[in-house]
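Next up: a single chain in structure tokens, the form predicted on its own.
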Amino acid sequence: MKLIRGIGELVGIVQEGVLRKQGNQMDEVVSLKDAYLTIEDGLIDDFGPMAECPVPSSEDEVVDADGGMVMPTFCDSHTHICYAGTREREFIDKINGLSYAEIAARGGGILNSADLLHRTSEDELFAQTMERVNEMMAKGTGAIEIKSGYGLTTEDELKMLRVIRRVKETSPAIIKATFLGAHAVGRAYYGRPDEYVDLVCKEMIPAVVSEGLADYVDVFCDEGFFTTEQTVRILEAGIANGLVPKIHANELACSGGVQVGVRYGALSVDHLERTTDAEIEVLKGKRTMPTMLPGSSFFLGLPYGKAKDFINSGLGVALASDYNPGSSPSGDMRFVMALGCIKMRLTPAQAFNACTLNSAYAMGVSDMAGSITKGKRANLIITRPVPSLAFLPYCHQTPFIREVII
């Protein structure tokens, strides 16, 4: 047994069976002051007030939290961290006034990353990806969804997904893999997007599934990328092959991608920088988790998602980092939580739930992560002594982690 005692506040307690929070529940964060927590076989075994703390045996490992907070690790349900190299040149282009869409139209953006990845060996790509995974874990993230989408050929998409599988086998973090061959139209198919969609549906998806490389299928359904009709074709092909849908939508325009995602039972619809009441209405009563990526809004100067409108309408919201080389080169979920509060006007409780339980739900792992619940994985952050949960987004650059347990 591993015993954590002397916990100043145990934060994020959720009853067994609760997989997400919606509406008014987003403002609920149950905590217990002056607490202990025990771990058996990597799972949360028990917790309670220090007055009831069990007496450890000589064989038990004892950790003294010394008055620090204990909380679940962050869950990041939208990343692109399997990539080669970086894109500082485009960073300068953005500073000089070019938009994300303009850079993409010039053949930059995703296509530049695809060129770099094609020239990078699988071993080197694995090394770079693991470096980012370790960086994210050190900052308190214990579950990560990693998307492909910088291959854009069958061979290179498979290379990416094999790397993600190696990461899953190597890292103690919970890893989910998403096939995103429809991230952009590959260079070889310039001007022939429907032919590229044929490649995705008829060759890439069967190859991915034959090797068991992905949990989800995703499409960038947005202005200048894939239409709703093309998205439907890809989702139907993915579903026919046993993949669960996800969607990139409404980053650049109200694309109709949210509606398509809901129609096909997507687990999440992500980005949502531009939404109307129509998107909120279609999501009500559905399993689909609206997921917003404030790091991308911050880096690109895009509008921030209207998370408060979604919550006030009774919906839940997840937040994720979108860690990628072009539009959000950071996987710091504490900063994502802070942006949720500062830019999206979420309360600290709402932002916390969006970065933990709801983001776990958006990647299909809220039955094992995202809260302090008996039987869940003991993926935990032990903080230095801090005055409250609100301190984390308020003093968002002050070091707060004493130890991360994954």
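Residue positions are given as counts along the sequence shown, with the first one as 1. This structure is a prediction, so every number in the text was calculated from the model and none was measured.
Keep in mind that the form predicted together with N-(iminomethyl)-L-glutamic acid is not shown, yet the notes after this line are about it.
Under a 4.5 angstroms non-hydrogen atom cutoff, N-(iminomethyl)-L-glutamic acid in the predicted complex lacks residue 141 among its neighbouring residues. Although the partner is absent here, residue 220 lies within 4.5 Å of N-(iminomethyl)-L-glutamic acid in the predicted complex, judged by heavy atoms. Although the partner is absent here, residue 326 lies within 4.5 Å of N-(iminomethyl)-L-glutamic acid in the predicted complex, judged by heavy atoms. Residue 87 belongs to the set of residues with a heavy atom inside 4.5 Å of N-(iminomethyl)-L-glutamic acid in the predicted complex. Taking a 4.5 Å heavy atom cutoff to N-(iminomethyl)-L-glutamic acid in the predicted complex, the contact residue among 152, 161, 258, 110 is 110. Only one listed stretch (309-317, 199-207, 244-252, 331-339) carries heavy atoms within 4.5 Å of N-(iminomethyl)-L-glutamic acid in the predicted complex, and that stretch is 244-252. Taking a 4.5 Å heavy atom cutoff to N-(iminomethyl)-L-glutamic acid in the predicted complex, the one contacting residue in 269-306 is 271.
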